[in-house]
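Below sits a lone chain in structure tokens, taken as the form predicted on its own.
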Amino acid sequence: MAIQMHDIEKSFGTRATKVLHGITGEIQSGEMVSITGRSGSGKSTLLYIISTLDRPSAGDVTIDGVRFSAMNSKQLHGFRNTKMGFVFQFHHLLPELTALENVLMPTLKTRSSKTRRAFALELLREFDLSDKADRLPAQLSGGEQQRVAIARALVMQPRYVFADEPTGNLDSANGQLVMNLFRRINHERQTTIIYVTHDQDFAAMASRKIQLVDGKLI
């Protein structure tokens, strides 16, 4: 099983400014892959395309043998919810919900909150947050909020986790903690993790690095 990129191109604007130029490659199941490049190189754009959150202007993405261009919206949402987890630079926790309730948010679509509650609590324990389960996001530190966001991404036990600058809003100590969590999840659960980062030390923690220069893979 793998992610396959087939000649991916992406353009924006009425004058069609091209951001990605013919990206072709493969990410194997169980890999931990970093995507790096200067600002404007297209790294976040590529992440959003291979995670199905955006569509390419040309080319196609296949995951586990499934071509996304052949899926309708309902199928795509179902695939995302059961096989993918997402972590962003900002945690995007709902302020009125507790840490545990935020972790369980993805389970609502499949009506599996009750059956996954124990696993959600286990994740919070693994991330040293078991005593924070009933706290609101405003009562958590920035690093704790991001760990809750990672637990939320994992609660459906996805095969793939996509992260866009997951440490970009954290200090170095919390950033290192988050990256250590990713590496542990990758090793222990064999979860495929693909993340965008501008930090070269964090990029080096991946098993493989994809570097973009002006929208081209090098």
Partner chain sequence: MFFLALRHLISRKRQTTLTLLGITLGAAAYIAISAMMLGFQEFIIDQLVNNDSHVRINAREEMLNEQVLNDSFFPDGELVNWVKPPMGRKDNAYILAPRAWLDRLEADEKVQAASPQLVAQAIANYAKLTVGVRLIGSIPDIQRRVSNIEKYMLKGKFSDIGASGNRIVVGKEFLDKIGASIGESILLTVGKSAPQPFKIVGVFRLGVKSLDETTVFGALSDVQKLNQTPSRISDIAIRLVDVEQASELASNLNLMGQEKVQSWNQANEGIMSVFKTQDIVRNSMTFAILIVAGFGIYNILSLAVSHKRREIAILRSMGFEPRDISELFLTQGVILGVIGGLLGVVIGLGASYGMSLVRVSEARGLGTGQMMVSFDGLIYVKAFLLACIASSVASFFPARAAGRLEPIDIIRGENS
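Small disclaimer: the values here were computed from a predicted structure and weren't measured. Residue numbers count along the first chain shown, from 1.
This protein has a second form, the form predicted in complex with the partner chain, left out of what is shown; the following refers to that one.
Only one of the listed residues (71, 97, 140, 133) places a non-hydrogen atom within 4.5 angstroms of the partner chain in the predicted bound form, and that residue is 97. Listed stretches are 52-60, 189-197, 26-34, 173-181; the contact stretch with the partner chain in the predicted bound form is 52-60, by a heavy atom cutoff of 4.5 Å. Taken together, the three residues 81, 101 and 105 all lie with some non-hydrogen atom within 4.5 angstroms of the partner chain in the predicted bound form.
When contacts are judged by a 4.5 Å heavy atom cut-off, residue 109 counts as touching the partner chain in the predicted bound form.
For the chain shown alone, residue 77 is a contact residue for the partner chain in the predicted bound form, at least one non-hydrogen atom being within 4.5 angstroms.
Residue 119 falls outside the set of residues with a heavy atom inside 4.5 Å of the partner chain in the predicted bound form. The shortest heavy atom separation between residue 86 and the partner chain in the predicted bound form is within 4.5 Å.
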